[in-house]
Structures are given as C-alpha cells and as structure tokens.
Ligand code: HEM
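Take a look at this one chain, the form predicted alone, written out in structure tokens.
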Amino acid sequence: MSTDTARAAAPGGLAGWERRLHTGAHPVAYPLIRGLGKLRPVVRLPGLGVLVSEASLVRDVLMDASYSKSGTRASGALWTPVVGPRVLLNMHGAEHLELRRRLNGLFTPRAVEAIVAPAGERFRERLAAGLENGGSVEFVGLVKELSGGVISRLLGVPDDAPGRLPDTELFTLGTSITSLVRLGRPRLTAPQVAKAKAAVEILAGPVRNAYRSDDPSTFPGRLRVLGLSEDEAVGIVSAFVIAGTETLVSYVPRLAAMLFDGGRLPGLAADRSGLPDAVNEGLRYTAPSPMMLREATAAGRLGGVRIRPGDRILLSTVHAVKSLGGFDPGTPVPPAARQLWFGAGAHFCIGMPLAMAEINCALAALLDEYRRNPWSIRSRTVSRNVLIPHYKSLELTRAN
C-alpha cells in the first residue's frame, strides 16, 4: 500500500484530503473565511466586501433581486469585458429572464446526450485501457479530456475536423481565463482582459464557422435558430466554457477520491441505487463553486449587518455547505442548502443538466471498472494557489 493510500485509509483521511485541497488553493483566504463564518454568519471585511457564510442567508441573497450579478463589483464586472454584455452570467432583471427563457431548451436530455456521449465513450475507453493488466491511469488528465471533448461539441467542431484542437488544449484554454480571477480583485486588469479575450478568440473561430454553416445539429447552430446574433452565440458559448470547465475537473476526481477514502466503492459498484445521493452529497461537501459574487443595489440589513448600495457581497458557498457536517450520502441535504452550489432563483445554473450528465458519465465508467476489477489510488497531489480547489494529479491503479 502506498503512503497516500495508507493515509486515505486512516481515520479522518477523507476530511484531511479535502482540507488540504482547500488550503492548497487558498492558504490564507480559506482558513480566514472558515474562521469568520464560524463566528458570525455575516461580516463586513474592509476592502473586500460583506461575507455571507450561512446557507439560508446565501439563498436569501440569491433569491433577492436587489442583489445584482451585473454590478461593477459583482461577477459581471469580471466577465463583461471578456465575453460581452449578454451571456447570462453577467445579466440581471427582465433582460436576463428573457434570454434565459429563450435558452431553456438547450439542455434537454436528448441534447445533453448528443453533447456528452462522444467524449464519454473516449473517456471510458481510455480509462479501461489505462487500468488493463495492472496498469495505472492519471485520472485528472482523463477528466480534462472529457471536459475538453464536451467543449469541442459546444463549439460545434466535428470529431474528425482537420486541425481540431486536442481536448486537453481546449480545457487549458478555458482554465487560462478562469485562472485570472482573484477574490480580492473585483475586476480584471487591462493585460488580463487582453489575455482572456485572446483565449476567447481562439474559441470563437469554430463557433463562428458552425454558426455560419446554419446547421441546427450543432450547438452554435441551435443558438442561431433561437435568433441570437453571431456575436451573442460566441459570448454564450464562451460563458458556458468559463463557467463549467474547472468545476467538473475539480469535482469528479474529488468525489472519486472520497468514495475510495470512505470505503464506499464496493457498495456503489454492486448497487447503483445509492449513486444519486452520493453525487448530490459530494457536490454539497466539496462545494465546487466555493464563492459567488453579487452587488447590493438597495439599502437593507443582512444577518444583522447594515447593507449599503454598491456593497460587494461575497457568498461563501464553501462554508455554508461544509459547515453542515462531514460527507454522508445517507443524510439528506437541508432545504436551505439544497443544490446551493448551482445557485438559486433566476440565476440557478442553466447548464446543470450538462454538468450532471458529465459527472454521471465519468462515475459510471469508474464504477464499471471497479466492479470488473477493483482499483485503488496509488498517489495524488494537490494544486496550489488556484481559484477552484482540485487535485493536480490522481493516479489510479490495480494489481491485475
């Protein structure tokens, strides 16, 4: 048994690895936010904003239209200079609701299957080949390829297209944008905007080609059918890439490790009925969207703290959900925290069905391989100073 496997099997191993992931990503901010959240549910942090760390209050803010996503100190300020003003993640009010209504049919079960299935098949084949005959596979890299394959479908690029970027390069393009974000900085600098826009322009080429081909079987073609302009289609596809790229690659390896560390793989491999609860509880416990940003547009009070118009509101999803207890798929998530990692109200993540399809695809392949011949974790490393906590590597292996 390797050192890392022994540590994982030791009491508290699961929680210990999750703690290392968070402190590796945010060695100062994570302990600070967790500590403040235990003291008070809402606290004003000079120079940063108002930190909200209690699940019901986080949900209240998300459901309240007086807290905007499009303000100069909200998440919209980060993304509008990069992807344009009309991409859902930086919109608010009636205009946002209207665009969301038009896009609601994008992620039907049939549409999601068409997007995920090709990349999912490649993922399954690569996983099986890597573990064959006592081999090993670097699982984080495989999940990056899965994510990149889904990005390729969103861009409207056929699998056999000449010059098609490799899946891992498409993933890297997405992370090159999200890696620019820092909690203490409400806006990107001019050089950062230029870097992010350069990455978006690489994504934009295939989107424009697919849009102009007027093929409704492609994702950009469907946006054209919905009446969106070419520039709007580029912005929306780019926004989906930005919003979903790192969360999947953060979550799936972490859940795989937690199921291994907690000794839950044999049961789930034999009986999949408990998988939905394990996935949902894993999302609750890992909080792959650890922080959300809003801007107050009206005066009021929140958890006893006076709110002023223009206040930056820091919604600490990670504390709101982690404070509910350890990883336990048998315990229902309290209503206040249910699916909080996907948001709430008008801004509930429209791409949630796509994310869940990718998650279920990866886990089904993992469990199938485990049932065929159990695998274990040979080694793992934690990523340092990143926006979303994740494993840098997670090597899976089996003896035969």
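In case it trips you up, residue 1 is the first one in the sequence shown, and so on. For clarity, every value in this text was computed on a predicted model and none was experimentally measured.
The following text describes the form predicted in complex with protoporphyrin IX containing FE (HEM), which does not appear among the structures shown.
In summary, the region of this chain contacting protoporphyrin IX containing FE (HEM) in the model of the complex, judged by heavy atoms within 4.5 Å and restricted to 263-271, 202-210, 77-85, 239-247, corresponds to 239-247. Between protoporphyrin IX containing FE (HEM) and the residues I33, A337, V50, L62, the one pair within 4.5 Å by heavy atoms in the model of the complex involves L62. Among the residues I177, M258, A296, L89, the one placing a heavy atom within 4.5 Å of protoporphyrin IX containing FE (HEM) in the model of the complex is L89. Contact check for M292: a heavy atom falls within 4.5 Å of protoporphyrin IX containing FE (HEM) in the model of the complex.
Contact check for G343: a heavy atom falls within 4.5 Å of protoporphyrin IX containing FE (HEM) in the model of the complex. In the model of the complex, protoporphyrin IX containing FE (HEM) lies within 4.5 Å of some heavy atom of A355. Put simply, K195 is far from protoporphyrin IX containing FE (HEM) in the model of the complex: not one heavy atom of it is within 4.5 Å. Residue L283 is the only member of 269-287 with a non-hydrogen atom no more than 4.5 angstroms from protoporphyrin IX containing FE (HEM) in the model of the complex.
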